[in-house]
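Consider the single chain below, provided in structure tokens and representing the form predicted on its own.
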């Protein structure tokens, strides 16, 4: 049997913390045993137990250390853990700063149980759940730094389509935007996925951001 994805939750709202834990434990592939009301308590436990969770669900607005301050400390103790921000509002600046600090994505606290489980699975498969506005801000930051990437031999057209995927456009919208047929766009997207060695839109966007492809 495959082992379950191990998740810990750091959230000061007890009701929400318990709700998240319950939603996760309904999944056959994901498990949450440990949940904490503060970052300090989580750090102490992770260090003392030498805990290495697969996923850390992290609230930004914690008492004491904020979620953003906590990210580098969590990374020191458990560098392989993937951190997903949980937030009440789609707060661009906070989520943007968290992603820059090393978070793998974010989800809204009012997301459905299925949405929570799907977001965790998405991150485990290399994706990065975030909205298109934040994705663009991260890409613009890297552009401003003039950091060069390998490029993965993407053609100019493929880079154009990848940028539109990051902008949140559907295949149909991309086709209309650049005056190509839906089938041609679909073919370009398959080529992009093959070159980036990914299998989904979210994974392609994640790679574009992390490796500064645009």
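Residue numbers count along the first chain shown, from 1. The structure presented is a predicted model; accordingly, all values stated were derived computationally and were not measured. In this text, rigid core is short for the largest set of C-alphas that superpose within 1.5 Å between two forms.
Omitted here: the form predicted together with the DNA. The next part is about that form.
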message: 171, 180 and 190 - do all three of these have some heavy atom no more than 4.5 Å from the DNA in the predicted complex?
response: yes
message: If we define contact as a non-hydrogen atom of the residue within 4.5 angstroms of the partner, is residue 158 a contact of the DNA in the predicted complex?
response: yes
- prompt: Is residue 38 one of the residues lying within 4.5 Å of the DNA in the predicted complex, judged by heavy atom distances?
  reply: no
message: Please determine whether residue 34 contacts the DNA in the predicted complex, using a 4.5 Å cut-off between heavy atoms.
response: no
task: Consider residue 54 of the chain shown here, and say whether it contacts the DNA in the predicted complex, taking contact as heavy atoms within 4.5 Å.
output: no
Interface segment, criterion being heavy atoms within 4.5 Å of the DNA in the predicted complex, picked from 44-52, 26-34, 163-171, 66-74: 163-171
statement: Of the residues spanning 191-207, the ones with some heavy atom within 4.5 Å of the DNA in the predicted complex are 193, 195, 199, 200, 201
query: Honestly, after the rigid core fit, is residue 48 moving at least 2 Å at Cα between the shown form and the other one?
result: no
Large Cα move at residue 198 between the shown form and the other one, threshold 2 Å, rigid core: yes
